[in-house]
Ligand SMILES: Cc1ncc(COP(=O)(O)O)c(C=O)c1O
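Only one chain comes next, encoded as structure tokens, the form predicted alone.
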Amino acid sequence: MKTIHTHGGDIYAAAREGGRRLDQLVDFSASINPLGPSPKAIKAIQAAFPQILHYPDPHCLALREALADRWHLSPDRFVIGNGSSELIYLLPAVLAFRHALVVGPTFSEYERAVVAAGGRVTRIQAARQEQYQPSVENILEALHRRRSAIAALFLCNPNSPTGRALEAAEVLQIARLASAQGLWVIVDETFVDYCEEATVLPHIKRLPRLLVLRSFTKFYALPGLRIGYLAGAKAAIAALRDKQPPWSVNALAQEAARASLQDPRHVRRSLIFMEQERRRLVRDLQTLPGVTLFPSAANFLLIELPPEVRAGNCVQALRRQGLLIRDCSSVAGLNERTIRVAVRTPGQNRRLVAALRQWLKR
């Protein structure tokens, strides 16, 4: 079974390898908001420094109350994790599902988490000829066909690394069928801040088997603090919280996340910037000979290089110039010519396009 075990964002290894400082690298491999964290989050971190003398709140109550206010739900419908990755690994272990359906090509950690808990995964892959847009009909058919064997469904929306998104009504159609069959439905909305109309989080009240993952890593630009959350039915959330390691979410992360939720101005700026800069980067990349771009609702772009080149060679060539991009050639369902790049600042994006153009000419 073909599985990827590496991710973007290992800027430290690249710095050691190239003998560079971190600020001499431009990381297009991790899709972080190029505007950085909210100014309110920075101030909250500074104000919270005295808290490092104490253990963090193990219940993350202030942050859960902020999320409850944001989503008009009760705080006991949220569990906070050391990044959404901690929660992904808790899910199969705590909810004891041993066979999951994963809609791909997608993030590898769903499969790894299920396998680590002693389970197995069946994949249903979106097709390249459909520009990797997931087929609702194919997903529903797979649920019907395997309803006696599957215990959970993982769906990333918008999907990483393809950037494709289903509408909320389509996700709910899938979730209703899966829930009616007694399946857990895990919708990873790590990138949904860029297309908030696609979220299904408010619907957890009516679908008790629906669990929604969100993150403060990408849109809120707090990857180094490691914080994410899961929303769902109270009983499932309580079970997950009960099995978490104690104090898994640090005090600075809790304060920064809470402040991020209270900065609508930064949210608006980030959305406007991304809409404009993604469009500009797409236009510039489309001028490269033989390159295929796929539509994206997120803050990154999936790119297929010309037939005669390989993603690994491209990644290494740009790495030597201090530009880090994501090699997606080992993602099940993608081919050996596929890379992913984050949308960054205008100057950085121009530098990326110029470097790709020069390398492709060679």
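Residue positions are given as counts along the sequence shown, with the first one as 1. Treat the numbers as computed from the prediction; the structure is a model and nothing was measured.
A second form of this protein, the form predicted together with the ligand, is not displayed here; the remarks below concern that form.
The listed set Phe154, Phe191, Tyr220, Phe78 contains one residue whose heavy atoms approach the ligand in the predicted bound form to within 4.5 Å, identified as Phe191. Scanning Leu207, Ile88, Leu261, Ala168 against the ligand in the predicted bound form with a 4.5 Å heavy atom cut-off leaves one residue, Ile88. Gln254 falls outside the set of residues with a heavy atom inside 4.5 Å of the ligand in the predicted bound form. Taking the partner from elsewhere, Tyr110 is found to have a heavy atom lying within 4.5 Å of the ligand in the predicted bound form. Remark: Gly119 does not count among the residues lining the ligand in the predicted bound form, judged by a heavy atom distance of 4.5 Å or less. Within this chain, Arg278 is remote from the site of the ligand in the predicted bound form, having no heavy atom within 4.5 Å. Segments offered: 156-164, 134-142, 265-273, 230-238. Contacting the ligand in the predicted bound form at heavy atom distances within 4.5 Å is 156-164.
Residues of 69-87 placing a heavy atom within 4.5 Å of the ligand in the predicted bound form, in sequence order: Gly83, Ser84, Ser85.
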